[in-house]
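Read the single chain below, which is given as structure tokens and is the form predicted alone.
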Amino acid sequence: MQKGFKRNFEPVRVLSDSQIEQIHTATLNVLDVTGFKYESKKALKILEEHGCRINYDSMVAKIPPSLVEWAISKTPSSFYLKARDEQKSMRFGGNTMYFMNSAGARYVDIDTGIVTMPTLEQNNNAVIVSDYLDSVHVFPSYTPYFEMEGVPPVMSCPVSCAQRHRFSTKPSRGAQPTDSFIWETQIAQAVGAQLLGCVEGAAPLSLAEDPCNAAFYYLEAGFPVYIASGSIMGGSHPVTVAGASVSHNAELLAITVLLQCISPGCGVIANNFVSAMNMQTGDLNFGTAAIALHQMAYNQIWHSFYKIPVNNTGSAFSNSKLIDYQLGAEKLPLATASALSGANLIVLHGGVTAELAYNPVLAIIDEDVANTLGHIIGGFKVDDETIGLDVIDQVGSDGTFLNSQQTRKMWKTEDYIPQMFDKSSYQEWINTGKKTVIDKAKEKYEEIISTHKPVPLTPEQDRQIDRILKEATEYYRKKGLL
């Protein structure tokens, strides 16, 4: 099983206990008074059986506070996700932190920022890179690219899922659009793995038919579920951090209620993907202080108060079109805030240009960021050996610690040494060709592609995947979608 990174100190708090209670109580009020729209009669029926007040014309369920509290209590504080390779399986929860690969609609040129449709080979190579990187623990849906040359849009998710399983043994999240969950579930089962099922709401306060159907299907397969509700402060959510926290909380708890009504005790990880709006332009505004504060408040409520595993997506994207200072300055503070405040999973590697683009060279650079954050949350040991009073006494006021046994023994474990970042002296940098971090990551990319060989599927597993994709193609052709 993948170990991830252990948080060895209490998560940072941004809310008082009374503020948490206020947000939680307001959330219960929204669900009980305003209600939540489920665009599925099957979902509404099971909710009605559990005490919700249903308006079948508007498809809105008014959820009693007691049912919300029951659903929270039924949701486990940790759960297991089985990968194709048992050694790559994961347990989400507690103070363990993992990283999820990012995604983008298309391939971005690392030098020019120009975005193009990726080929299937570029998609596969990007999967191979993430299979190689130790700090990429799990793949999301439609990753690394939403689109692939020659692949019809309706087949994008099933094909992406197939290629992730062909070129990596790490676990994946499923998808939900247009019944893609049917084929992705079958692909995972064919290779002996589970998916992290995906049920995403639509802000404000609704869940479309596709994710409702996906909820039933993934839970019937015995898979844990990743829940989300992407929203925009000032657009689909209130502009304030407090108001957005209540609205977003209500959306995710409404999904949690449905899942626990279907399958009490099912594993859930709840994602925070709340963006800000640039009120000057109307565009999305990534990497802002408001997003960081929202994530930290969210983590405190869900990780520490509800005791439900949490994922953060805020650090996956930047408004920058290039791998430059802006990209790092927008992604890193959010990733750091997530890591310090209790996130169990952080989406980070490879995302650039909002949600429009991805590049595996950036994912290689992000490996250093992830490992640095992992080392930070691991904290440091305080005991007689690490304090080293005897060493301090021996060195005194005119010696050096450079040649001490303590230094020789502990220098590698006391800090993380980046692999891609330039740590050379100025003269060494000049003498070795003035390579940038991007130059070094490009070289590493070529090395990975030429030498890393993911564990292949068996011939029978490969045939099963081909059969499933063929059935999916026929299914969508009969529906007139191909």
Partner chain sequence: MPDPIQSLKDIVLNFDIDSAEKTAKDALQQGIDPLEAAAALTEAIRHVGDEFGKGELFLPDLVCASEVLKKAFPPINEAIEKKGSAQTSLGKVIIGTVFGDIHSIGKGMVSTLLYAAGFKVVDLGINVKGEEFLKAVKEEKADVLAMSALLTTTAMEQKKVIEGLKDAGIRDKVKVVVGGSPINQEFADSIGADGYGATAPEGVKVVKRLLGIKD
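Everything numeric here is computed off the predicted structure, so don't read it as measured data. Residue numbers count along the first chain shown, from 1.
Omitted from view is the form predicted together with its partner chain, to which the following refers.
Undergrad: Within 4.5 Å, heavy atoms only, one stretch in 296-304, 387-395, 133-141, 279-287 touches its partner chain in the predicted bound form. Which?
TA: Residues of 279-287 come within 4.5 Å of the partner.
Undergrad: Taking heavy atoms only, is Pro153 within 4.5 angstroms of its partner chain in the predicted bound form?
TA: So Pro153 counts as contacting its partner chain.
Undergrad: At 4.5 Å between heavy atoms, is Lys82 in contact with its partner chain in the predicted bound form?
TA: It does not: once its partner chain is placed as it appears in the predicted bound form, Lys82 has no heavy atom within 4.5 Å of it.
Undergrad: Is there a non-hydrogen atom of Ile110 within 4.5 angstroms of a non-hydrogen atom of its partner chain in the predicted bound form?
TA: No.
Undergrad: Is Arg106 near its partner chain? Define near as a heavy atom within 4.5 Å, in the predicted bound form.
TA: Yes, Arg106 lies within 4.5 Å of its partner chain in the predicted bound form.
Undergrad: By the heavy atom within 4.5 Å rule, which residue out of Met410, Ala221, Ala242, Ala202 makes contact with its partner chain in the predicted bound form?
TA: Looking at Met410, Ala221, Ala242, Ala202 one by one, just Ala202 meets the 4.5 Å heavy-atom criterion.
Undergrad: Who in 128-148 is close to its partner chain in the predicted bound form, meaning a heavy atom within 4.5 Å?
TA: Result: Glu147 alone.
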